[in-house]
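Presented below, as structure tokens, is a lone chain in the form predicted alone.
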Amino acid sequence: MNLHDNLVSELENIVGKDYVLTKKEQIEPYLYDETFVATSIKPSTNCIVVKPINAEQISKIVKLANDSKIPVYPRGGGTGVVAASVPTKDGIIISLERMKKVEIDKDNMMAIVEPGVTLEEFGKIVTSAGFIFPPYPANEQASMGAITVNNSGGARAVKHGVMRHHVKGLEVVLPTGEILNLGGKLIKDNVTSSLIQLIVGTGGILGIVTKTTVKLLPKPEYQLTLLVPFNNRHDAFSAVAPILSSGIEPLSLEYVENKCMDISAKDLGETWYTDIPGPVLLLIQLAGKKDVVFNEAEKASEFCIEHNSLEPRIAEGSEENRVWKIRKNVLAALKPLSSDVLDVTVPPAQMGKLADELDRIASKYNTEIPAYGHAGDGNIHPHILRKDLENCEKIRNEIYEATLSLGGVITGEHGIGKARVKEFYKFVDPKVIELISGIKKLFDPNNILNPNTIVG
């Protein structure tokens, strides 16, 4: 497709000349995300980048694109790992980076946030207002728009659920250009809630979210993190179900490996503990009233010891913050060593069996498969090492097959994007694909919005 000068002129009339990029060196940073080497996708370089400031400007851009059947690629922070925002055809990249407004409603404990706000920025605003935003993915540079359409979760999902549990309203520009307002600062909504849930989690293929209304929670009185070492993965995962079934509700319940945490710490210029025995740990974060937190910490420790843990320790205050800083950086620190990172999810009680399967597959290919993730909700991130690039697809497919055999799915957080479309068609019921394709066509009859994503 030849993107003519008159298109550039029309876009400049909508957003202003300063916010339309056409030079190669200007466009280059908008062509890639954080997708790993084994699944990276070659982008189209014949694109125009536009930077709108509101839904009205986006509506005009999308109407222009739809009339001319020009592909449109919304872009947030570029932190995704499944090539969802990578342009694969000549078209218009809509960068949402200028849309930075946040409104906090303390009385209703709600916030309205625009898509260009990063998680880090939003977290600071919310905390300063005396609240927390429960879903908290690891990458704090992720944009709130992307977090919305990807139904992101993170470490706190075990207690508070994923993004869809907190989204109460949306402003969204449809692929045909209409601006749709759904929900609001509402606890109950049987009018538009189904549409909200449809848009949240479909990876941005049904519309461009320009505002998200989310519920907030009061900041807890006190919190701490238990670091509980184990001698093997199986024992660590086996301790999870008893903790959760006892009535303890951790803010986070993570599985990590000492070696991965050490690599992450060094990447940050930090040091990881040298005196923690055992190769793997559970990080159990508890929050609430101080006496309740300490009581739950004691009970959780007992359950872990019953499942062969070594001596637990407590991190509080600045030391706890340091632990979680290192945990959040693990994916980025392991990326140079990895061909791919997966995102499989199984019922939490099956995590021990999944760990055994990872060990079996690693042994079969004479390698190791580092892993970490959200033990409390069954979502784990195995890494396939860079040295195993040649066998990456085989290893990936065997992990997916093992996951499905345990009642799981191939992605719990990262989504399908463009990088997992082949596996989506391989491992998902064809009827599901047919239905999603039909919904996509209903919203986007000309298939201009992020084509080749999820269903092509």
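Since the model is a prediction, treat every value here as computed from it, not as a measurement. So that there is no doubt, residue numbering starts at 1 and follows the sequence shown.
Omitted from view is the form predicted in complex with a small molecule, to which the following refers.
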For the chain shown here without its partner, which stretch in 203-211, 239-247, 263-271, 122-130 has non-hydrogen atoms within 4.5 angstroms of the small molecule in the predicted bound form? 203-211
Option touching the small molecule, based on a heavy atom within 4.5 Å in the predicted bound form, out of 175, 376, 382, 153: 153
By the heavy atom within 4.5 Å rule, which residue out of 138, 344, 371, 355 makes contact with the small molecule in the predicted bound form? 138
Does the small molecule, in the predicted bound form, lie within 4.5 angstroms of each residue among 34, 85 and 149, using heavy atoms as the measure? yes
Residue-level question: is residue 413 within 4.5 Å of the small molecule in the predicted bound form, judged on heavy atoms? yes
Quick one: is residue 75 in contact with the small molecule in the predicted bound form, heavy atoms, 4.5 Å cut-off? yes
Residue 170, heavy atom within 4.5 angstroms of the small molecule in the predicted bound form: no
Touches the small molecule in the predicted bound form: residue 280 (any heavy atom, 4.5 Å): no
